[in-house]
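First, one chain by itself in structure tokens, the form predicted alone.
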Amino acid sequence: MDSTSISIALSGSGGTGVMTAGSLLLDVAARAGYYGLMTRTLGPQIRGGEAAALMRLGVAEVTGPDDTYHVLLALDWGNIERFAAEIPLNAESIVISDPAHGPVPEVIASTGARLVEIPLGALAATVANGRPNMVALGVLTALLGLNLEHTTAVVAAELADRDDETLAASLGAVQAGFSAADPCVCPVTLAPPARAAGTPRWALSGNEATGAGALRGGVRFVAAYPITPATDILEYLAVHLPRLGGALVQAEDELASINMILGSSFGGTPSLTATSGPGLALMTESIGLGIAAEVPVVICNVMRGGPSTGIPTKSEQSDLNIAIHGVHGDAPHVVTAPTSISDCVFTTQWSVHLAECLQVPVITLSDQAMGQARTVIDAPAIVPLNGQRKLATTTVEHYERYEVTADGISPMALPGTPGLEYTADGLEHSPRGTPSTQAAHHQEQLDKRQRKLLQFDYGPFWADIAGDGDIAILTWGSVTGAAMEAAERLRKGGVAVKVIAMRLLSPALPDRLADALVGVDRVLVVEQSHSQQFLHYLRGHFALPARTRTHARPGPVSIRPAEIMAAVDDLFQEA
């Protein structure tokens, strides 16, 4: 029977071109009408080390990895033991390797997968300047039943700016691999694509989707310091932001970055920075300044394994605590999280909208698995969300920047507006903006800053909710894809399961979650952290059913649908 998806891992030492071959294969599949997802797994080395392109191709949009890989093609065995856990295989899998690189390591052979040898390097040597990764691309084209003409066209497009000899070498190597794939039999056959004709699609990474969402939201100034795995956001915006009249500055560090965007936003320009955990830690004092001075900014934090420099090239959801609680004092702000690569576009746009409407810093939590993965998706719908600040006008008499209003949002005057001058800094202040230590001023400003977040209408966007039943999976971020797939499989087996993936993490909206949990008496909280950060946050702010359990573990191995299904089954069996 045809399968609706197939998973392929392409591994090798850093510099062997596995990412290039994987990216090209994804493009070939897209040209054939399929969808796909490619995740990069790398060591922390700047050069060398281990690398693998982990792909899942499907007849519909792919939002996460499957439980096992059907195919592993190893260009070599360099450091395979370091990331073999990320490539689960079984007896149904096929492993293709080059005998020139020695026997199959025990960590792979012990899986029981079927082993096939193809002399990738020797085949590449038959072509002048041929490379093994292009031979591998040819092998996989044949193995997966893809069209060689599509592969040729994709390679030609990729090398359009290179000389004829380079193109000929690559195409010759692809042909050599395609012809040598006869000994291989793919464990599954991918069903024909079912995509509607004319459906526009995008091929992009989560970080690029974040950049696209920022532009849709109206961001026109970005300042940031490069850090893995967030740098791709800056590279995307550096190209596209100037075309819309915006500007990007590579700051000298994270402290400068956050302060630059606070200054830009104070002047009236929607502004954003992008970073990862260590950078977010450095920014926390100035995020507090933005909260106290009520200056709207967006901080996109692409999470990686921590603490400290931790595992910079691998994914985790362990920055939740610092994003929600990391600012000193009583400092209400907004924390959001996209639920998929496609959703990075909307959630970032929405985050800009919230920042501008509420005049508050918004932290958006993506992660490495989402940010650096590349996918083929239907073009995200255009959503008319462009937040506008409540601005003061010159008709106002006795202007008070921090006026205590019913909705907590005070009209903001832009610098240089005659008659509307005020002081903005991190000190507590009177409604006028004058620094104050009076208890009454502190109380009313604390109330005002909290009230504007709690009274705001976040609409239906606070969560993605799917299905129904008396069991609910409660999750967030990049784990959502695995949770949704697990629930879908369970429904097909007769178990009704609801999935609630929270996009708005803070402020907490207990009434919204209570409504979503009506009829639910058992909850499974799924997250990728060691200390169960999400579960503890939920217990602190929401009323959860007594039978609430957790499935939490740290990165870097992705949480997969089958383990969520097993956890739900355990919960289902409880008396």
Partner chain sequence: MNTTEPTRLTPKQYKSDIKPVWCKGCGDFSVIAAITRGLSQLQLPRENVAFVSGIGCSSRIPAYSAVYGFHGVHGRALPIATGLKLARPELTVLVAGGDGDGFSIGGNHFMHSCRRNVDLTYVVMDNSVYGMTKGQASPTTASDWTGSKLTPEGPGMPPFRPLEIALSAGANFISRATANDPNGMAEQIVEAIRHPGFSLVHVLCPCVTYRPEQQELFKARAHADWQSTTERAEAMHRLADDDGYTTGILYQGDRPAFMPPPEPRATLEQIETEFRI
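All values reported here derive from a predicted model rather than from experimental measurement. Numbering follows the first chain given and starts at 1.
Below, we refer to the form predicted together with its partner chain, which is not included among the displayed structures.
Undergrad: With the partner left out here, check for me: in the predicted bound form, does some heavy atom of Trp202 sit within 4.5 Å of its partner chain?
TA: It does: once its partner chain is placed as it appears in the predicted bound form, Trp202 has a heavy atom within 4.5 Å of it.
Undergrad: Heavy atom to heavy atom, is Thr423 within 4.5 Å of its partner chain in the predicted bound form?
TA: It does: once its partner chain is placed as it appears in the predicted bound form, Thr423 has a heavy atom within 4.5 Å of it.
Undergrad: Using a 4.5 angstroms cut-off on non-hydrogen atoms, would Asn259 count as touching its partner chain in the predicted bound form?
TA: Because a heavy atom of Asn259 falls inside 4.5 Å of its partner chain in the predicted bound form, the answer is yes.
Undergrad: With the cut-off set at 4.5 Å between non-hydrogen atoms, does Glu285 touch its partner chain in the predicted bound form?
TA: Contact check for Glu285: yes, within 4.5 Å of its partner chain in the predicted bound form.
Undergrad: Its partner chain in the predicted bound form: within 4.5 Å of a heavy atom of each of Pro307, Ile473 and Val495?
TA: No: no residue has a heavy atom within 4.5 Å of the partner.
Undergrad: Out of 285-293, 447-455, 480-488, 465-473, where are the residues with a heavy atom within 4.5 Å of its partner chain in the predicted bound form?
TA: In the other structure, the partner sits against 285-293.
Undergrad: Here the chain is shown alone; which of Val525, Leu538, Ala30, Leu42 has a heavy atom within 4.5 Å of its partner chain in the predicted bound form?
TA: After the contact test, the surviving option is Ala30.
Undergrad: Of Leu504, Leu146, Ala113, Leu215, which residue is found within 4.5 angstroms of its partner chain in the predicted bound form when only non-hydrogen atoms are counted?
TA: Comparing distances to its partner chain in the predicted bound form, the residue within 4.5 Å is Leu215.
Undergrad: Using a 4.5 Å cut-off on heavy atoms, which residues of 217-252 contact its partner chain in the predicted bound form?
TA: Contacting residues: Phe221, Tyr236, His240, Pro242, Arg243, Leu244, Gly245, Gly246, Ala247, Val249, Gln250, Ala251, Glu252.
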